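For reference, the chain that follows is the form predicted alone, supplied as structure tokens.
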């Protein structure tokens, strides 16, 4: 049975529709992220799951029981807030044990469980430290320890890494993943940070303007985005306008920049005008006369970035970004662009019609 089920949830604030008919499920022991830009409804979704907001309609089930209308403190969840909400007047041990004490756990048992969870977050011996004596990363781990020590069915995390600098955020995202794996508790993480979500999640739910655009594994969502929004939100994307030519079973010819390219598609009718998308990391630069090239271009700029070179290439009047390990091309040089056609996104009315239906993996609600 799923730890969490969200079924056809809708949330209205007067005339504003914050969440529209959202459904997804989270299984026991998973690390799932709800991802979306500001205003997409992700924080509203988390607040409804935690009990701080009530859905206008729909069901939210935790361990099979509908918790709509149940107070936050009566739900089998704990929450880690963006501002952490640690008590500055309490020691580390008192912060972690606060919920245990309210639940009636005895002093000896409390001390044992606090010691155990401090080992998990690698802060053994910090019991008597004051909160203001801790670094930002240490405070993050204490807030997580406080949420985990009660052993709830699910931990809800509302962008707790957002205020950290990049180096500390890089460290803490791996700490989050490690702690989740060691405790086995289900994590539901809300963020607008694609890099963090992709690094730590088993699966993701992508929200846009209150609606779920796609839900599935990290690899499915990045490599096989269902919509143009998802493709562009999840990473850099080059897009060129195209016109449909000949059709055949399982593929379609598309005229792009004066060149005909055969692109695999899932099937069904495809209109006359489409947008062709390809990620910069999927493109190789070749000599202009290389027979393996797909589109002609001209180098406008290049930046050395360690393991790769990032090129800006003019293609049919548009600027393409190319990230490749094969350097050596100069500014102004004519080149040819090539990529595996299976990596092509073909958007019609915002939907990726090159996406094979059988390859889409979803979190069923």
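Everything numeric here is computed off the predicted structure, so don't read it as measured data. Residue numbers count along the first chain shown, from 1.
The same protein also exists as the form predicted together with a small molecule; that form is not shown, yet it is the one meant from here on.
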#### Entry: Heavy atom of residue 29 within 4.5 Å of the small molecule in the predicted complex
no
### Query
Counting only non-hydrogen atoms and a 4.5 angstroms cut-off, does residue 55 reach the small molecule in the predicted complex?
no
### Task
Flag residue 50 as yes or no: does it have a non-hydrogen atom within 4.5 angstroms of any non-hydrogen atom of the small molecule in the predicted complex?
no
### Message
Even though the partner isn't displayed, in the predicted complex is residue 18 close enough to the small molecule, meaning a heavy atom within 4.5 Å?
### Response
yes
### Contact residue in the predicted complex, from 328, 69, 64, 37 (heavy atom within 4.5 Å of the small molecule)
37
### Stretch in contact in the predicted complex with the small molecule, which is absent here, among 332-340, 306-314, 56-64, 37-45 (heavy atoms within 4.5 Å)
37-45
